[in-house]
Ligand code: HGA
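Next up: just one chain, as structure tokens, the form predicted alone.
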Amino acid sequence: MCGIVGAIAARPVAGILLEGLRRLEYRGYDSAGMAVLDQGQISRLRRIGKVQALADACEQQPLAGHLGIAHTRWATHGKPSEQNAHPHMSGERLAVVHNGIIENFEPLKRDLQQQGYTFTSETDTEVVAHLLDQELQHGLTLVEALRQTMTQLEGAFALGVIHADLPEQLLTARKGSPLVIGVGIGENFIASDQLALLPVTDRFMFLEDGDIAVLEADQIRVLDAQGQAVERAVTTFEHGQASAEKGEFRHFMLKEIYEQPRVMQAVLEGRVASGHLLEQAFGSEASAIFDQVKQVQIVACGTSYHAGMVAKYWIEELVGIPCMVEVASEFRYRPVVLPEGTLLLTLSQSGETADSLAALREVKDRVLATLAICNVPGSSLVRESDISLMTNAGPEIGVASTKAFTSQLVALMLTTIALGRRHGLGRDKEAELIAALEQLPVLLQQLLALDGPIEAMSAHFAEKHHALFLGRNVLYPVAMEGALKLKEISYIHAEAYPAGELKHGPLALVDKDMPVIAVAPRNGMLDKLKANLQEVRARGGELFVFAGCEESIQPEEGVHVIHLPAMPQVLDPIAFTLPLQLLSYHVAVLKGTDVDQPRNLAKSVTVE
């Protein structure tokens, strides 16, 4: 979850490093720092809080070197403090930045202390700096020292290293944590995310696990886990720089909500034609794999887990095969029974979610095949899965996921269609489902027109501290996602329940201070849901209902209703999500919280 930026160039790099850190702020952090090599000396600046505090320090103490590394830290070992902020150094001539967790740092630290090394921080990262120095004292080169150090580290890490004796080299390595190399002209860069480097390059190289790279201003050398020189492909970033800017919007989250009509079209482009799914979009082996699937096991975290829950309803209804869904952090730590013919489907916006990656690695040899649905083509999850489908949502900067969730749902429906072909889903039904999906851009544009009424509704939540979300059937996971959004960015405690569970406990919470938000599509469960809502009103609860048709539920005292436009029933989970996103956004704005960077959270959870 930390952010790394590094640069080697013919020009001063401090400004490049600062801008890169600003573009990584969405990942979540509590401190920032940089180290720059200038005239044979490493100068280091670190500050608690926002990147702006580091920028202010740089104005007071300019760093003019052409080689440097920088970092935003999210505390895992040791409290947020300047002492614990990166970069960390061993002596005065070696500096390191690190993303990830070194699980065995305590025994390594004890050994290093016994050998005379003094630790000035509480972090696991300082171990890496001292290990590197120790190996250098044994006569190894810096590349050799880095490789030897990597063999001693357990956990996940991406590293950036500079040494005062090597003013023309920036070293980097990765194992289990994201890292990308930016390829320039007469200058090269490293970062945790392509977005950090868009002002200076749109060409990127992705390292494999175990790789070490040596960056000089005019060349990049890569060594694989066995120490052999290898070539890694250079790709061009597919999204314009504007996708990383807020433009006319007040927050990235609102911008990303409004991008969803375009994103829905992007998910379908190249995947459907003439009412027919093009299975090649999943990869060349996809058709042979889908032919053998007898069960689906979905593994994901957070918002992606909710998308997987929706898919369970779709797969079991439309395909007729079992589908299990489990949170990755639970799945990876228990004995798992995986029947013959199981397709492991992992969902992740970033493709670097630590628990999802660990789950994939734990069971990939025990399943028929693995499928990743992801937004980042070069991510670890995609590279390590047999087949994949990109969601094409573009960069998502806001910590609270919006367009990533709805694009995952579209990708999951395409997956459902592919599996359904083998289990009785006829061409007519397939064409019907695809025709419905092709309506999404227009439908979501109509839903965005409800922004005004939803903003007005949000005023009722300004002084609330708790909320209850209700849904039934496939809309229950959507209610869960709505509750998650509200708690993430407004800090209102929110829970979601299947509406039929009200009598089994949650009804005890209902009073005039507990707003109840319900998603009420026009389907066979509507009458039962209306009965559940009457239970809420009978106990003085105030209802906020998003209804699927005007004749279904009407506003009255204590019942606030927003009617959604008519839509194919299969689109309900996607369509009802967008109004809940807008509601959470406007409530957060009223509450005055940090919408794009809510406290204690990070965008990409790349550690446990």
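For clarity, a rigid core is taken as the largest C-alpha set superposing within 1.5 Å between two forms. Residue numbers run from 1 along the displayed sequence. Fair warning: this is a prediction, and the values are worked out from it, not measured in the lab.
As for the form predicted in complex with the named molecule, it is not shown, yet the points below apply to it.
Under a 4.5 angstroms non-hydrogen atom cutoff, the named molecule in the predicted bound form has T123 among its neighbouring residues. The named molecule is not shown here, but in the predicted bound form it comes within 4.5 Å of a heavy atom of C2. Although the partner is absent here, A75 is a contact residue: one of its heavy atoms lies within 4.5 angstroms of the named molecule in the predicted bound form. The named molecule in the predicted bound form comes within 4.5 Å of a heavy atom belonging to G100. Only one of 179-187, 459-467, 318-326, 76-84 lies within 4.5 Å of the named molecule in the predicted bound form by heavy atoms, and it is 76-84. In this overlay on the rigid core, P377 has a C-alpha that sits less than 2 Å away from its partner position between the shown form and the other one. After superposing the rigid core, the Cα of A483 is displaced by less than 2 Å between the shown form and the other one. In the core-superposed comparison between the shown form and the other one, I101 has its Cα shifted by at least 2 Å. Panel note: the distance between the CA atoms of Q408 and W74 is smaller in the predicted bound form than in this form, the difference being 3 Å or more.
A decrease of at least 3 Å in the separation of the C-alpha atoms of S177 and Q408 is found in the predicted bound form, compared with the displayed form.
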